[in-house]
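Just one chain is shown here, as structure tokens, and it is the form predicted alone.
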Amino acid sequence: MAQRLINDPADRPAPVVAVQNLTRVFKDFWMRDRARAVDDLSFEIHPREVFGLLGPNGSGKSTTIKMILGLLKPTRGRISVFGRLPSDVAIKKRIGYLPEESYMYAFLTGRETLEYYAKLFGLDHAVRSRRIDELLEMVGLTHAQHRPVHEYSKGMQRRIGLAQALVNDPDLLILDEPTTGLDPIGTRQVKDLINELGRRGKTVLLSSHLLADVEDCVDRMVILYGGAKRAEGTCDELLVEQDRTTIETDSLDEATISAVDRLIRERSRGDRSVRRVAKPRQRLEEFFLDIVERAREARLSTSGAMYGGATARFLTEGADEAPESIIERLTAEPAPDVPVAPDRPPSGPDASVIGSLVSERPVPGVPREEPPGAGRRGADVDRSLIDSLVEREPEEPSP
């Protein structure tokens, strides 16, 4: 993973998120302390950084995120987002949020769901349509975009939830357990997307209890337990073992390995030696994805989510608002329906039918049948009935 951090603190811009001595205590009905979900927590998230909140279930990750979003008020402490309070409505349009559970309107289709959220952000018709097409392709749901969300599997709902979190092209993307319910394909895709967004300058807050998700993506992390910070730093600072050295080479025979071991013992005067020799082992995730890729190349069908496409273009190219967007909106939006005056005579096919009934001349395409044996008197009776339906005065019958 490419290093995206700015190492000199003096060159860093103001943090996107600043948390100082944050505490949240939940109380019971009698206002007694019931649970201390977050305890004196402090950290900063800098621009263009992928930041991880790591901890087991119940460690305070989701509570911290809800306070950053302004959904919960802290018992004590301070939070600033883009230099403002979390309750400031002006910052909401710059944030994308994927909650721990996918709260979707079950009766909407996948495409209608993205349309709904895009309209909430005020995107015009042309931008809306383009972004939705790109996002559906990216998360592998183009083929299922017209199915109701309640028919989606949990993994497919997480995918559409990720798409709605990105529809406004946010400056700060908050992902709470983004890979929950996803298969290895979707998990790998989410990791690749997070890394791509980090390379493109997005700020990402990733919360997870899955160690591999955080390790593969983040620049810095905070490890929580019991609502308190237990460790903070980069992956290298926290994970590199300083008392060991790994040397990776092509396959060696036993004689060469023995010679290397003797050399190490001689140079270290017997204090060092080769501890372990083993063949590299492929990760199960890589093995699984390789099988899926071969099946996809063989064009084997699946009824679930498809293998996702490339990252949506608007996420990699920046803002896609152009000066001509107003013209596009005016030409793309359908014109409002013109109300018909109530006293205007009816028009259309129904008028042709009525006209054929009250006229002596037949109208092409509209059959005019008279009952067998009907005479002039019968025609007059039928005409009177029709005249009463179209609110005309009946004519006097001919003698």
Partner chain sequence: MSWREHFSRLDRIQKGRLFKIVATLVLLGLAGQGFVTFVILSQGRGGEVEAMSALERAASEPAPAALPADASEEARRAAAAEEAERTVLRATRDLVSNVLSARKDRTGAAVAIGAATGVALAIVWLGLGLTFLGLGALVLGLGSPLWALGWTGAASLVVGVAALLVSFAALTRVGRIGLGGTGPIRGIARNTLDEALRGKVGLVFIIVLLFLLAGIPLRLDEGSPLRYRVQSFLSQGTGVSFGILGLFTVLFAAASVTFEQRDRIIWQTMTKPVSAWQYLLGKWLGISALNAVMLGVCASGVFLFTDYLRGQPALGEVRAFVPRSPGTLMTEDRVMLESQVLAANLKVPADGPTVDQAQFERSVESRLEAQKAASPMFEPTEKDRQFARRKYYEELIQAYRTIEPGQYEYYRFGGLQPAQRRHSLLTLRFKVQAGGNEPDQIYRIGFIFAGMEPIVQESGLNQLQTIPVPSTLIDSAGNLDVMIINGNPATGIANPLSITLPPDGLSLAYRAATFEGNFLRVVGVLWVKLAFLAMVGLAAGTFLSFPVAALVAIGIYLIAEGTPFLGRSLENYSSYTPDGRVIYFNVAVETVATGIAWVFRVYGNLRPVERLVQGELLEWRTVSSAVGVLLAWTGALYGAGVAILRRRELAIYSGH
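Being a predicted model, the structure only gives us computed values, none of them experimental. Residue numbers count along the first chain shown, from 1.
Below: the form predicted together with the partner chain, not depicted.
- This chain appears without its partner; in the model of the complex, the one residue of A212, L71, C235, I257 with a heavy atom within 4.5 Å of the partner chain is L71.
- Checked against the partner chain in the model of the complex, the residues L205, I185, L123, L136 give one hit for a heavy atom within 4.5 Å, which is L123.
- At the 4.5 Å threshold, heavy atoms of L108 reach the partner chain in the model of the complex.
- Not displayed here, the partner chain is kept clear of Y225 by more than 4.5 Å at the level of heavy atoms in the model of the complex.
- Under a 4.5 angstroms non-hydrogen atom cutoff, the partner chain in the model of the complex has Y97 among its neighbouring residues.
- Taking the partner from elsewhere, R130 is found to have every heavy atom lying beyond 4.5 Å of the partner chain in the model of the complex.
- This chain is displayed without the partner chain, yet in the model of the complex the stretch 108 to 116 from 177 to 185, 196 to 204, 258 to 266, 108 to 116 comes within 4.5 Å of it by heavy atoms.
- In the model of the complex, not one residue of 203 to 228 has a heavy atom within 4.5 Å of the partner chain.
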